[in-house]
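Given next, in structure tokens, is a single chain: the form predicted on its own.
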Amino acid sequence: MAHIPDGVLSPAVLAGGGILAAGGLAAALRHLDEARIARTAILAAVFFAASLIVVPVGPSSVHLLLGALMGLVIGTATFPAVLIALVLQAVLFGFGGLTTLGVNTFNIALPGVLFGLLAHGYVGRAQAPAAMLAAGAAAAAAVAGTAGLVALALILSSADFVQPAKVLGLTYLPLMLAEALITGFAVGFLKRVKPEIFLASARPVAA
């Protein structure tokens, strides 16, 4: 589960995650222009709602992340979008934790930004079917990246989490498929109704 609760991670990991998330936020806010604010707000709301739907998988649970979709559309603005949604979820529903906001934001946002930006150019040039496949691949890779970062945060906090982290990683496999399908269809829809989102001139800022 990407929403690591309070009381699980070590102080050093919490501090490191907070610093890294702050760096991502700083990079995003430097380039958050008026046009991107509206898209960021919309995607923050979509992430907020979608990630509240938790599906049990084995000993853990998973929920949609939509990191690659956000990375494709708003680039580094994924960081504030994820942070705002996580704050509201923690305060309103007790979902996740407050001390872990930095780590959770970084774990979800960074893979989405990286793989979304990597796929953005091709998605913009390609026809809808190929763009959908590329976006789906980016989404699956972003989920795998989040799984790896969550596992790393747990392992760095305590050696007791090594085995649970391995099991947790396996629960992300069905989520990779689900995210690939949802992101692929979302990109296919956007290519039909608003293809300019993916044009080179509209490329989300990476830093």
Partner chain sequence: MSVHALAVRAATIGGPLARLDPRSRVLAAVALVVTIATLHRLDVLLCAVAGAGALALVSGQPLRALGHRLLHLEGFMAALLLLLPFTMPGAPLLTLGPIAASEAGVLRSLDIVLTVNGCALVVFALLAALDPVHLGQACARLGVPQRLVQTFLLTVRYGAVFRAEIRRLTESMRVRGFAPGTNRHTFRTYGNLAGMVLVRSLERAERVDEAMRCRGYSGRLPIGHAGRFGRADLLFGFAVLAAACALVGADRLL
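Numbering follows the first chain given and starts at 1. The term rigid core refers to the maximal set of C-alpha atoms that superpose within 1.5 Å between the two forms. What you see is a predicted model, and the numbers here were worked out from it, not measured in a lab.
Although it is not shown, the form predicted in complex with its partner chain is what the next lines describe.
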| query | finding |
| --- | --- |
| Heavy atom within 4.5 Å of its partner chain in the predicted bound form - residue from L117, A131, L83, L110 | L83 |
| Complete contact of V143, L149 and L170 with its partner chain in the predicted bound form (any heavy atom, 4.5 Å) | no |
| A138: touches its partner chain in the predicted bound form, heavy atom cutoff 4.5 angstroms | no |
| Any non-hydrogen atom of L20 within 4.5 angstroms of its partner chain in the predicted bound form | no |
| Contact test in the predicted bound form: L69 vs its partner chain, heavy atoms, 4.5 Å | yes |
| Contact label in the predicted bound form: L156 to its partner chain, heavy atom within 4.5 Å | no |
| Sequence-ordered residues of 157-175 touching its partner chain in the predicted bound form, heavy atom within 4.5 Å | S158, D160, F161, Q163, P164, V167, L168 |
| A49 C-alpha shift between this form and the one not shown of 2 Å or more, rigid core reference | yes |
